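The chain below stands alone and is given as structure tokens, in the form predicted alone.
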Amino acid sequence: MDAMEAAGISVIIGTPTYAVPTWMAKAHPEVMAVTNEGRNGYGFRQLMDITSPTYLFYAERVIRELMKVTAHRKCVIGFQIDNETKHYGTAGPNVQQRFVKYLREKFHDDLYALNREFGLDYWSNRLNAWEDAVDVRTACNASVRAEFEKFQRLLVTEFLLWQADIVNEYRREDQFITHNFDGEWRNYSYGIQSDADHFQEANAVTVAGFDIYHPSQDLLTGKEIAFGGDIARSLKGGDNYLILETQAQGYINWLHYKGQLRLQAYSHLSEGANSVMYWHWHSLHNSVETYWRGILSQDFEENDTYREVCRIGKEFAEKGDHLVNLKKKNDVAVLVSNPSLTALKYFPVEFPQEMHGIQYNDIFRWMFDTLYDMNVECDILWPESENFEDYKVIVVPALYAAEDALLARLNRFVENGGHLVVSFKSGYSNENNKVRPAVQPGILHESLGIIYHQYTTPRDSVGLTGTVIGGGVHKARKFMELLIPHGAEVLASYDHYNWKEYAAVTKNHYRKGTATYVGTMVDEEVLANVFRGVLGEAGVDLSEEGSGVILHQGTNDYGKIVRYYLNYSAEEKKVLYRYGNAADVLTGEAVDSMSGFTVGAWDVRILEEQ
């Protein structure tokens, strides 16, 4: 701490509760979580039971001791509570006892209501007394399993709020609390996190943080930076956020091409990030993450990554006042749902033919990535969000499990002039995974103007035909609902002798707005055609679509619009600047309205409107 203060380096203190020491596991084996596979053995981090009284006793002790010696230091600007926290599958007797109490509260001590709502009569799963509750880890009922996962996510929120309360006893008013939220991991950041509810957890922090990792070299697209940033920014109502971890060298196949690390850094800022921090400073010489490479390699010598970080830091220091605190106002939002993510794990989209087929996050990324490629910036909404009316367009991936009230809100959004785009597998069940005994897609059929009774998989490569299909051959993929329009316009139908009477994509004018339904997984080209029609009618600017670069924009502390032109390709791009006269933030070069300029390979131009 003395060295940091002497060097003028700001410090964020992280509570060390995500990795328990050997002596604790040895003296108190009960701190290790009991999961579906039994009690965890010691070794890897984050295998503990975050509800264990013994664990919490020692966690509180170390947090308090750490706060006593750090909170008063001038260099300490904030605190990070824990690390990428999840429930880690904790399902021991203590957790299950609490779950029974949770169910009793949810159903007001009415066992009949529980049995009816969860369908527990089936296969004799019925509970005749609360004491009959069986081990949730062996339950076959998806409603019970999904509710337990919801409960486990609540435990994570409870744990972080508990830590924040302790930190709040010590921190100064000018010190923040953050946490490094992270997404689903598929060897890189992929989608919405299933083992924590970030929207609820954000109540524990004053500033949201996020960890974003992604492929690089020829696979670098910026999409993971975009969706991670959109989530982080949306967690605190559009406030700026911190990138607490991202890659420097990372995996062996992530070593960036020249310019890519800088491009990535500015991509984070273009989303509203107020920091870019790398995991980690230098590559370790032993232990688990030996080959998760940092800024420096194990030799501690300067390298291309180090030199590029130096350039980034110099530019941030010189021009950061024009880039920090970027405020964004987007017209489009994507509604995400943890309950639907969980439900589609137990009832896969391609069930029962493909138990490992597409999942919720595949559908989320299918829709989000298509918008990204169209240069349409988005915010993220959750079912609890109150600001639906702030948007012209709401995109809804696979809202399988939802309360009646949420579906009614979406109908009202359209009724009041909003534009809705909904994917297949939406509106089907209530919040308890109980399929609605009504025409599908449930309450949403009012605004969508369609119904369906049956669905199947296009195993014989069903073709598509219609106004949004365009040229070439396009197929229905993975799943197909057999849509019957009730007032909706048919945008695409199935080109198959047995399914040709059914619609695949529809659009309905409902009161003041429109509702579009995509009943099968079309390819990205067709989905872009669907979006193009909706966004155009909604008045969303599409002038940058097809420009060859990604455009992100917002307003800086000087009240000026800043536009980032991000070139995620190995070729130089020529761009037509369509806005008011501007100056390049990094070079000072003037750029006139409707003039052209170039963006180099794996490079960025940042223009501030004058």
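From 1 onward, residues are counted along the sequence shown. Here the structure is a predicted model, which means the values were calculated and not measured.
One more form of this protein should be noted, the form predicted in complex with a further copy of the same chain, which is absent from this view; the next part is about it.
- Remark: of stretches 389 to 397, 413 to 421, 199 to 207, 120 to 128, the one touching a further copy of the same chain in the model of the complex is 120 to 128 (heavy atom within 4.5 Å).
- The putative spot formed by K101, G357 and L491 is not touched by a further copy of the same chain in the model of the complex; no residue has a non-hydrogen atom within 4.5 angstroms of it.
- Only one of D110, E318, D218, E105 lies close to a further copy of the same chain in the model of the complex, with a heavy atom inside 4.5 Å, and it is D218.
- For the options D304, E169, D404, E384, the one in contact with a further copy of the same chain in the model of the complex, meaning a heavy atom within 4.5 Å, is D304.
- In the model of the complex, at least one heavy atom of T22 sits within 4.5 Å of a further copy of the same chain.
- a further copy of the same chain is not shown here, but in the model of the complex it comes within 4.5 Å of a heavy atom of C140.
- a further copy of the same chain in the model of the complex comes within 4.5 Å of no heavy atom belonging to Y58.
- For H179, no non-hydrogen atom is located within 4.5 Å of a further copy of the same chain in the model of the complex, even though that partner is not displayed.
- Taking a further copy of the same chain as it sits in the model of the complex, the stretch 452 to 469 comes within 4.5 angstroms of it through a non-hydrogen atom at Y452, H453, Q454, Y455, T456, T457, R459, S461.
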